[in-house]
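Given as structure tokens, the chain that follows is alone and in the form predicted on its own.
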């Protein structure tokens, strides 16, 4: 195989959606509406329905989706926000920008926030009022446990569903548990725009009104600003392309991701590699396919695959609490974050975008199985 197996293939994506994307652009241009028009409103209804919510509110990106959702939920400066250190930095950055105090708890064997440690976080940080759980890699958290821990400890929950649109736990969709949920349509996401975009979903009417005001400078009427808001509006062009060029194929693309994951799960057999496997009640959307490789061997493994034209990624090599940007920021931790540090040191993402061919999938499986590290186990 001469061509590279890519972690994402935006050219193949464009070739599939080009005609519909051009039609969407023409539709917006002919409408004369370019900000907060019919395309945004239609997309918001669709995304709310897909998350079993009453309201969807388009915003500029996934970072501001979390930040605005927290502000609308009543976060006050200094409130503690329980979250995971193993995520894109945007999760933590949103909490800090909203003037919350991140409280980091460890992850479980799948890399998701360990909900059993939340009571410890509450007990050791009495200012903890919020939780931002992340459905990482497209794996859904145990939604029953999430509901229970939030109810027991009176935590306001904003779900980070940036990687998990459509994932379910026992047929219940992620994004339906918290007071609201944040979505990202960054291009690499399962539903990715041709640029930055995001959304917040909620069934709370008051929050819906507050979020709509906050995203638009805090306006409650033309030139009437009751809140100090943001400039965080989802553009009509992005919404139109998402609505009619991308969203109609999401289920098909998700199905293909699940086929690829099944091929990897059933085909990869190499004792130097551990594959985090979601429980039976879980139906992931496989935004990523993570494997763990013993830390001294991770670079060798990635180099081995690269030499065989297989590209890989690392999500995420540094914990949020270890980032230089957090040096002067107040935050809390629960324990030593042992599992999270292991994921940071050992995680590798194999290609799993929906445009992989059967030949490419077989190539990945074959080469992963053939890897025999020179450093031994």
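Only a predicted model underlies this, so the values are computations on that prediction, with no experimental measurement involved. Numbering follows the first chain given and starts at 1.
Here the subject shifts to the form predicted in complex with a small molecule, a form of this protein not shown in this document.
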Are all three of 63, 160 and 189 close to the small molecule in the model of the complex, meaning a heavy atom of each within 4.5 Å? yes
Using the partner position in the model of the complex, report whether residue 88 sits within 4.5 Å of the small molecule, counting heavy atoms only. yes
Check whether residue 193 has any heavy atom within 4.5 Å of a heavy atom of the small molecule in the model of the complex, and answer yes or no. no
Heavy atom to heavy atom, is residue 331 within 4.5 Å of the small molecule in the model of the complex? no
Does at least one non-hydrogen atom of residue 83 fall within 4.5 angstroms of the small molecule in the model of the complex? no
Report the residue, out of 165, 95, 197, 201, that has at least one non-hydrogen atom within 4.5 angstroms of the small molecule in the model of the complex. 197
Listed residue that, although the small molecule is not shown, lies within 4.5 Å of it in the model of the complex (heavy atoms), from 291, 143, 71, 134: 134
Using a 4.5 Å heavy atom cut-off, which of 179-187, 75-83, 165-173, 274-282 contacts the small molecule in the model of the complex? 179-187
